[in-house]
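In the block that follows, a single chain appears as structure tokens, in the form predicted alone.
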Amino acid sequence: MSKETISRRSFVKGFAASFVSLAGLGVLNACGNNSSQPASSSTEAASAASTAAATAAATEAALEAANTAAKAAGMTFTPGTYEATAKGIASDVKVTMTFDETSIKDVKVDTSGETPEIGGKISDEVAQKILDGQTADIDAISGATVTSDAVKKAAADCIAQASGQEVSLSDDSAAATGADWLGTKPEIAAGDITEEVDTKLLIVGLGTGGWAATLAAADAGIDTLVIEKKETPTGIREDIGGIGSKWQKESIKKFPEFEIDKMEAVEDIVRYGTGYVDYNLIKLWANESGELVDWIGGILEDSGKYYMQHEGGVGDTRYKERDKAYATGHSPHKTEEYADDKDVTTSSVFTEYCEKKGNIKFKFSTAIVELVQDDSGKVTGVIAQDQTDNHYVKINAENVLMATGGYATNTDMMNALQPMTQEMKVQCRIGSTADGSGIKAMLWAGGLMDPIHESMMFNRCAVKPDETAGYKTTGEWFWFGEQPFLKVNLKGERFCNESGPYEFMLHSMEMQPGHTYCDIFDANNKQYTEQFQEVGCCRLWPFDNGAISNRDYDSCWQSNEELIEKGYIIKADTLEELAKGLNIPEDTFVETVKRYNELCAKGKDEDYGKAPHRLTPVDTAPFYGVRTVAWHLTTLDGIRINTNMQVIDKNGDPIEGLYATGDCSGGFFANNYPNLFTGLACGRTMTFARHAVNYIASL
């Protein structure tokens, strides 16, 4: 199979962007060579290839020149040991380097404060890279880009201290554009494979989708092996979206407004995706998700350790909202007996369930490298790598179900496919750890990727008053950000209806200076959060039917107090003082608040149409403000599947033996995540995982 170059940047940013500085943009994507997007003529293809080759050569030369600035080789040093720190994703990363007169003699890296199974485990690897290369300009570790960059910055600082010279890291333009993110399928020699395993069904990945598939396989009695790259499984998400569950039906008896018209729901999801979706997949979720919730909820409740609640709320029905909310969410909660038992998790309950069934085996610290196919193209298993000692394992399977997640931590893929997301988000210690390895393996096997790329983002991250959005910035979690308070851009101006789906707000933010805005609220914020009648995971008060929210106001405000201490949230006695603390124009901001308060007094938003119950004035000190940006949870575009979850090729034909579910699969989301369908992504993932296994069992 020939390699495809798949890039959204090439058509999002426009062809004219190719004439901007080569060092700034890097290698152009030769769209004429993309088998899914053929060039209109051989001349165009040749021209594109020639341009790409010339650009690549210029970029390589520029990078080589810049790279010498961060090399220790050829420099002279004051012998000794030096140390420096740089901000990682969850901590300050520390680098200690020892020099003689002409070289780096020893490197120690401490990333122990980073995410344990990502950046927290790369210390030895990056230290050796620096020592071997005699440079701070090492390649980033896949999936741990932020931590790697922090190591590089700290190492460059050490070199500068020892040499007395300014040291700059190269601007890796190829990485900045995500060029060649797909690469070529690895070639693993047969002699390098030291272990071989046989199974009927192989499930790759043990998170939300992997667990649903595993439980379904346990019920079906299929001999199944589950591999997971982490040392432990990931629990399921807190909100499971479905239509027609027994819990939902019970709520509807008292609250008829919770009733959902399936076809209306399907059409609304299609509308969010502007048609770049598979209607039949959405219909399948609508028709089977209620049964899925009953099944998975039943397993949890039968354990005696959890109970299920339907998140019954659709907002204040006195007012017609621009965007409709659907009461689709269902959440598992621990019973009182096990509420404080940290050993009890959804994963522990599911593990016990599988052990009783006896047909499920687990293999942790095992990462997929590639899919194995026979001469007909049928997938017959995978080659994986044991992360404990790096030996290769060949797993032979009659069917392979991929539940590997998206590509949120793969910077090259994100830069190529979702450049706008990269501009809106900041790094946060809470989020997906998926690196796109499953998606790449399916592309190498002939799978087809979604044409439109999408992420699940929340306006739940904060940056400091001198910072703006961007994936190279590290921020703090700010759960309060989704409350529809007044929001102003960095010019101090209001710019949109603050009430609606999370991404609508964030996409409006993308159009503003610095891709950043400020949340503004006052001393009365507590009563306003109750008045807002929010739905889904951002709700801070019990739902209409009594179900508890994911977080309550008091715990959220405690987090806000910590953000005030850290200098993220600004607390002020006057609006002028607040504007100054946020680094935005005082006069414009004060006029904006004055106008907003006038609209609140009228009870009608004449400027942007926000519903009356969400028009809350900013008129009581102390005043609060914070720069808000996107928290990126996961990517939502993936490999195309049919309604049996079989991976399909560019002709729409299934690749035999290969299935996918969850964030590595596609066809369901595009352009926006419909968060007003609470738990939709999780419900989709689990419904499809169960459906896939039941289909396999029927063969």
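Since this is a predicted model, take the numbers as computed values, not measurements. Sequential numbering from 1, following the sequence displayed.
Although not depicted, the form predicted together with a small molecule is the subject of the following passage.
Partner proximity in the predicted complex, defined as non-hydrogen atoms within 4.5 angstroms of the small molecule, places exactly one of 94-102, 554-562, 447-455, 432-440 at the interface: 432-440.
In the predicted complex, the small molecule sits within 4.5 Å of a heavy atom of L206. Although the partner is absent here, G662 sits close enough that one of its heavy atoms falls within 4.5 Å of the small molecule in the predicted complex. Among residues of the shown chain, A367 is one whose heavy atoms approach the small molecule to within 4.5 Å in the predicted complex.
Among residues of the shown chain, E238 is one whose heavy atoms approach the small molecule to within 4.5 Å in the predicted complex.
Between the options E228, D137, E476, E423, the residue in contact with the small molecule in the predicted complex by a heavy atom within 4.5 angstroms is E228. Think of it this way: in the predicted complex, the small molecule has a heavy atom of just one of G119, G481, G313, G210 within 4.5 Å, and the residue is G210.
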